[in-house]
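Encoded as structure tokens, the following chain is the form predicted on its own, with no partner shown.
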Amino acid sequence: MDAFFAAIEQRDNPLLRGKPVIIGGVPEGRGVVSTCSYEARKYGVHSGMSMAKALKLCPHVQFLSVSGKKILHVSRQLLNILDQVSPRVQPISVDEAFVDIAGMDLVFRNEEELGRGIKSEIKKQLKLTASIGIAPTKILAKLASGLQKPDGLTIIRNDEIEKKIYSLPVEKLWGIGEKTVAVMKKLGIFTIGDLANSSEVRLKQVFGIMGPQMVKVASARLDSPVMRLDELPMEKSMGHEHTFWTDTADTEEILSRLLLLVQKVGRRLRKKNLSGRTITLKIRYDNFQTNTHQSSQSIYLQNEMAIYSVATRLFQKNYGAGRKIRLIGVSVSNLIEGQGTGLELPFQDELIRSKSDSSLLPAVDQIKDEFGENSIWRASVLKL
């Protein structure tokens, strides 16, 4: 989708149409740009940029916070449209999905007619524009979808791969980041064509098993199937993190924020019916030094207060007292399906020993499902 978050707001508020709009954190804090309208992009604003920098580049921009419920509603509408096109749709974010169109030539004369049909239906039902890429592999289709934004349709057929993509910068390929690009440039690899024609043996020596895979991806010799949500492998970890508006050494505030993050992780685990054995605490100090600390338990946990007890012990053991913290995060990994327990840890404290907490959580989930995420919280996080 094109500038999805901002486009929804512009669609619903005529006063924002044709004006630069930024969706993200508040300008006074340390938030970043989630997305921005194309009017804002003309000033150099882009996703991931700090809100403060965005404001300097475009002082007259309209700032809005993310409207989660509205975005999810429109995202579901989008998936409903795509589900009418193919039985194999794989969402990769709220505004992006892969669609397997193999066999669609029995219904549509060609790929262009199919692509324009999807775009037309999205415009008709959602009053939004989408950019579509059609190609022999998923990664090339994703690349193609970004070549003519906004409102684009790019088709790359098998015999057009070299002509249309080999001259593009290698960083255009999904999954190749800045550090990898820097190493590739030292090897004389600047374009997708350079990578496609590279020696797999040479790249394996530099990048390990990923080296030959990147060569095959660039030359469209490696692909993965489009998988529905019910076919996707189980997530390897679940986590949340928070950047403080101002660096803080207030341990009460830090631990309250940590509890809030753990509550979010616990709720996600319960929704997916997962439990985890390894708790990871992430601390980033004011000098940007980032430390991670892990603790693996003998049992699998889903109870958020059990997870919080492990996380707070990691914090108390490893936090440099008095040091100001910029970011705090927590994640749970080594996941399995099914419910774990937080009632049998070796350091059973009163919070964990209380079985009432485990019986309380389903009721809390039900309240949040019906009345929203902010309808009920533990008292110690309310001040946040």
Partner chain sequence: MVYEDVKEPIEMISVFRQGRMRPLKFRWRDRVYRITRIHGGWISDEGYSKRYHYSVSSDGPDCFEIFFDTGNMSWELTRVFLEG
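Only the largest set of C-alpha atoms that superpose within 1.5 Å between the two forms is called the rigid core. It should be emphasised that the depicted structure is a prediction, and the values quoted were computed from it without experimental measurement. Positions refer to the first chain, counted from 1.
In what follows, reference is made to the form predicted together with the partner chain, a form of this protein that is not presented.
- Note that among 313-321, 39-47, 327-335, 65-73, the stretch whose heavy atoms approach the partner chain to within 4.5 Å in the predicted complex is 65-73.
- For residue 16, a non-hydrogen atom is located within 4.5 Å of the partner chain in the predicted complex, even though that partner is not displayed.
- Taking non-hydrogen atoms only, residue 372 approaches the partner chain to within 4.5 angstroms in the predicted complex.
- Once both forms are fitted on their core, a CA shift of 2 Å or more is seen for residue 373 between the shown form and the other one.
- After superposition on the rigid core, the Cα atom of residue 16 is displaced by less than 2 Å between the shown form and the other one.
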